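Before any questions on binding or motion, here is one chain by itself as structure tokens, the form predicted on its own.
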Amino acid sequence: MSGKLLIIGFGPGSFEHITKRAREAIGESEVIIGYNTYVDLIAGLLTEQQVVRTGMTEEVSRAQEAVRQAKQGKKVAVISSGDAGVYGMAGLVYEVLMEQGWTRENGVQVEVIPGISAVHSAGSLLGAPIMHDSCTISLSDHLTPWELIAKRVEAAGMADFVIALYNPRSGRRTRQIVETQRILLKHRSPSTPVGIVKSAYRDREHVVVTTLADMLNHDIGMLTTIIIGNSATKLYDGLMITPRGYQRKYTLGAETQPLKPHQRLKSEAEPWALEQLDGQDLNESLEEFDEEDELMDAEVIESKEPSQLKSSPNLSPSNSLQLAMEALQLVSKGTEEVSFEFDNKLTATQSIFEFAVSPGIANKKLTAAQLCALGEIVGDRGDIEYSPHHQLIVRVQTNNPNQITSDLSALGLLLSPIGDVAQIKACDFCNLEKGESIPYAEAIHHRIGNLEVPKELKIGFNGCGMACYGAVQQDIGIVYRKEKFDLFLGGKTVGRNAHAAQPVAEGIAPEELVDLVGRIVERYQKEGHPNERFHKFFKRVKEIEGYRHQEMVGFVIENAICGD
């Protein structure tokens, strides 16, 4: 029997919001593959299927495992909350299949089962905020460059879209939502309605309706979806309502409408429509608008009846902007004068420069001059965060990162990039008193320090057998003992199955160490899967430089005597 991949979106997580087809697909599957939290959410639908659980950021391994098992002839369900095709697993599974040369005709069957996306779950709890044109933007820059995300936020703000923000903030990503608010405030009023929904239709559901100016004063995390209204969105009795535009043709409080059905599609009733450009080519109009490159102050437009628009002396075929404002004036019913100002120049924005800084590989002491320089560079608009890896994480707005790098390096500080790179995490060698092995730690840093790898890699280095800085807990551990080195591979520092690295070699000669560690890291760089941590890579390849992986012994929780 040929295998099948069922890529299932099960909605927000509540049983009543899971579609009938999603429940059927889960029931007919032999293997369920998903993120731990998602598996827990559908636990009530599981029977005797094989369940493959993985942690956060293990999407690629989930997709690869699903394809592998489907090729063995199994029915495999890959689960996502919300809709699997909206920041879910559907696209990634297809990408893995494409890499393997899959075709619809000859490959495993694939069925994508839609679910209720977070934007729709959150929207239903807020009222009707996405009744008009909208877009979704993920603020996670783990896979997408921040510059591209910022451009999309800028464009959506200028175009007056209702905006749904996914992945707005996490423990490590705190500045992205701040930057997003700053960008949008250039284009929208501070009083723009904003809805913040956490865990929609789950046990800890929390809904807040606030404003664009006040949104950052509320709890925002990875389980939060934020919906930002457009210029027409209204607040009513605690709800967000975005009108679609019916008020332009209808009187919503009247039983008898002033425009009859046969009149509503006539050109006089739609002065804002494309056809009312009187035959002018739209591309020409847009080109003229781009070429003007100057501030345009629109004149105050007096209210007119629809029949007057065609004959207005102020309307020319080229002035589509003024035409749109006349239409807006009609909506105001002539109760007040309306004026508009437009700026077609984008304000230049400064980038956020983020880096790690430390006194050195072995040295752990900062001088007063170094601290003063850091404080002056960061100023009031940046921040400094102390990390558990003996580094300061610096974030600062600047257009000249090279100058910052040069100034701090001149003071003897060691600067490193943030993200998926190899880094040396060395001890202080007992305040540099046990410094025999320091040159080897520095040589390793020069060989592979800051090398880009599939997932952040920490190389622990301890200068004596006490290993008090926890080198043996890191991805790669190196301990200097009796004038030689002991090597440990594959530590896992977090999670319920956290474990120390495996001791793989004792008594490595100092002259062999740097090249050996370099070869191990470089192989991981070349052969590791995206987002695959080193301990999983070691387990998958089974052998590195002649060192065999050994399965770690897990713990077993015994059942209580009473059977509870």
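Start at 1 with the first residue shown and count on from there. All figures in this text were calculated on a predicted structure; none of them were measured in a lab.
Another form exists, predicted together with a small molecule; not displayed. Remarks below refer to it.
Contact check for residue 81: a heavy atom falls within 4.5 Å of the small molecule in the predicted bound form.
The closest non-hydrogen atom of residue 474 lies beyond 4.5 Å of the small molecule in the predicted bound form.
Although the partner is absent here, residue 202 is a contact residue: one of its heavy atoms lies within 4.5 angstroms of the small molecule in the predicted bound form.
Using a 4.5 Å cutoff between non-hydrogen atoms, residue 88 counts as a contact of the small molecule in the predicted bound form.
Only one of 117, 416, 242, 192 comes within 4.5 Å of the small molecule in the predicted bound form through a heavy atom, and that residue is 117. Between the options 440, 166, 485, 469, the residue in contact with the small molecule in the predicted bound form by a heavy atom within 4.5 angstroms is 166. Of the candidate stretches 221 to 229, 68 to 76, 395 to 403, 418 to 426, only 221 to 229 has residues whose heavy atoms lie within 4.5 Å of the small molecule in the predicted bound form.
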